[in-house]
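The chain below stands alone, shown as structure tokens; this is the form predicted on its own.
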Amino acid sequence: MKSAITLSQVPEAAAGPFVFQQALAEGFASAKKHGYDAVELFLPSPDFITVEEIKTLASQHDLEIAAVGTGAGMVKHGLSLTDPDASVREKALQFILQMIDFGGQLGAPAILGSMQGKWGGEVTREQALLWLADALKQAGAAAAQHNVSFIYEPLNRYETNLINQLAEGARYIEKHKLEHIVLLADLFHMNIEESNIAQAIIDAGKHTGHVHYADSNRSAMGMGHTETAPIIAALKQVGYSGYLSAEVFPRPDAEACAAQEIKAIREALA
């Protein structure tokens, strides 16, 4: 397993769990200084910066691109895959497909989190889940063109009422025969929704494709009460070899947070 840290360029998400929020060149330099293997990018749109510019920054700092987020589609543009308006759903899908293409050119998967939306009002849960499945089929096909997966993230109940647990996500993937779709095991969300995080990872098995390594309070690991040893053992048991990515609040500040998180990752993997 390898380490990654989040770099955000979305002002609307300034209060979110993203460690470095300065200019990208500075963010890449900080990630390298702290010894991370990769960065996870949260960008306003797929045309915010060119793929070549990202490749140059990654090469200069000897960093990989772990993943690219799509959440700006929701927090900045108000788009959701389960919006009752078909035109909004289509705009959401196109935004995601463009981010998949952007990330794919970097050899990185895109992540679907907040843009999955939720059901309610005139939209039933059954309808929302069907719309989501259809979008995921298209996202998986687009990701496959770049030989990467597309990452779907079960969120906690306060952020979505669609899928909240890892095993539920695994069953959903299998029920709808979704190809090139993997799950994001975000330990913060799992601390809310799972009775046993390690067992949830084991139950989801091969479907886990990315990990957000956040403590129970969404601070850097070691600043809350998450017991990490069983989680790391479970990830090893299911053959996970991807990133432990720091999508965490920059507490008490970004530099101290980054230092604590990389220390925790190294200790966990030692």
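Worth saying up front: this structure is predicted, and the values here are computed from it rather than measured. From 1 onward, residues are counted along the sequence shown.
Keep in mind that the form predicted in complex with a small molecule is not shown, yet the notes after this line are about it.
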*Mind telling me which stretch in 163 to 171, 196 to 204, 133 to 141, 150 to 158 gets its heavy atoms within 4.5 Å of the small molecule in the model of the complex?*
150 to 158
*Although the small molecule is absent from this view, report whether residue 32 comes within 4.5 Å of it in the model of the complex, heavy atoms only.*
no
_Is residue 218 part of the interface with the small molecule in the model of the complex - any heavy atom within 4.5 Å?_
yes
*Is there a heavy atom of residue 247 lying 4.5 Å or less from a heavy atom of the small molecule in the model of the complex?*
yes
*Joint contact, 186, 189 and 212 to the small molecule in the model of the complex, by non-hydrogen atom at 4.5 Å*: yes
